[in-house]
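The chain below stands alone, shown as structure tokens; this is the form predicted alone.
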Amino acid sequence: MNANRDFIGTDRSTAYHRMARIASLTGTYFAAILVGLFAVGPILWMISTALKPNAEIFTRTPVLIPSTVVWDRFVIVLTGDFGRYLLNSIIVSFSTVALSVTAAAMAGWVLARYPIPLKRYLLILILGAQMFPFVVLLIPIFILVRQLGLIGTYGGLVLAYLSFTTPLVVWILRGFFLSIPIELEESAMVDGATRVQAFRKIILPMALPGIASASVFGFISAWNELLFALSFNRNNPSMHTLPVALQQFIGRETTDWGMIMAASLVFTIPVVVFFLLTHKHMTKGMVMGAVKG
């Protein structure tokens, strides 16, 4: 009799745990779906607005699924001057990332390895450069770029973007270099490598996750920048980047929201592609940072 009671009690306990596990999984998936909809919702609305006729955009009752699909906006974006603006943004952003990562890798390695005098204050100074709003930096950087004769050129924009991307990348890469044991460099130097060769052949390959993470942050910062691009290239429309080009759909009396959404989708694609290219290394870098604590 007692054995039967124990069996029934064990069976109920197992069923209870099974139901609790199912309820927990259901709640987890439900929460994940809600978070996914919250993240994807704006993108779906952007796509819907880009494909709607104007009559369904300006309505009191929101319309998610358009009754008639309008492709003309994408044709205008892809065949007009937006191709030039897209090329300008790609050139400036990738050049900024390449130069900032190159400079920041060397600076971050030096700050992580060498006992530089007043290093703490130098790090505070680098971090302080990130605290200034772009409006404060605009006038001195504009004067510098004008004196160099780089107004209305790719070089002027890249130089301006380096002022706010490089400090952030230096901080990110310095943290990754600190997480790499210095004994690896010392072993390579014992085997006959110079310090620079040890950095190039040992440290840089191990820091690829950090470089990928820093590249994503630098690319997004340069890709979305508007103030410098608008100020430096105001008199040279052929040098406008995509954030500046998006403003042409905003007028004093009306705003073409359909064109803005279509252009914004094109504007987003290179960022997604760049993220997918660096996603593997970036995820590895985040895991390494979590393990290092």
Partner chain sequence: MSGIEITTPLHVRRRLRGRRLFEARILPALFLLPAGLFVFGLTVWPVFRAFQLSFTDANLAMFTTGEFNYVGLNQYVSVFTSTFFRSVILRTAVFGIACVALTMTVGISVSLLLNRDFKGRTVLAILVILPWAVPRVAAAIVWQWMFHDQFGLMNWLLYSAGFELFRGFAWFNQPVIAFTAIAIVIVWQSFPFIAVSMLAGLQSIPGEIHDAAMIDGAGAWQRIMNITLPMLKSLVLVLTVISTIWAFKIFDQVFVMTAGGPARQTELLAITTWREAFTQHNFGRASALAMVMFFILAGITAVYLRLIREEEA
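Residue numbers count along the first chain shown, from 1. For the two forms, the rigid core is made up of the largest set of C-alpha atoms that agree within 1.5 Å on superposition. Nothing here was measured: the structure is a model prediction, and the numbers come from that model.
Below, we refer to the form predicted in complex with its partner chain, which is not included among the displayed structures.
*Asks:* Give a yes or no for I65: in the model of the complex, does one of its heavy atoms lie within 4.5 Å of a heavy atom belonging to its partner chain?
*Replies:* Looking in the model of the complex, residue contacts with its partner chain do not include I65, since no heavy atom lies within 4.5 Å.
*Asks:* Indicate whether its partner chain has at least one heavy atom within 4.5 Å of a heavy atom of P42 in the model of the complex.
*Replies:* Yes, P42 lies within 4.5 Å of its partner chain in the model of the complex.
*Asks:* Taking heavy atoms and a 4.5 Å cut-off, does P237 contact its partner chain in the model of the complex?
*Replies:* No, P237 stays farther than 4.5 Å from its partner chain in the model of the complex.
*Asks:* Does R146 reach its partner chain in the model of the complex if we count a contact as any heavy atom within 4.5 Å?
*Replies:* Judged by the heavy-atom cut-off of 4.5 Å, R146 is in contact with its partner chain in the model of the complex.
*Asks:* Which among 206-214, 138-146, 176-184, 70-78 is in contact with its partner chain in the model of the complex, heavy atoms within 4.5 angstroms?
*Replies:* In short, 138-146.
*Asks:* Judged by heavy atoms and a 4.5 Å cut-off, are L111, L127 and M189 together in contact with its partner chain in the model of the complex?
*Replies:* Looking in the model of the complex, the three residues L111, L127 and M189 all sit within 4.5 Å of its partner chain (heavy atoms).
*Asks:* Would you mind checking 217-232 for residues with a heavy atom within 4.5 Å of its partner chain in the model of the complex?
*Replies:* Result: N224, E225, L226, L227, L230, S231.
*Asks:* Kindly check if the Cα atom of R174 is displaced 2 angstroms or more between this form and the one not shown relative to the superposed rigid core.
*Replies:* After core superposition, the displacement of the R174 C-alpha between this form and the one not shown stays below 2 Å, so no.
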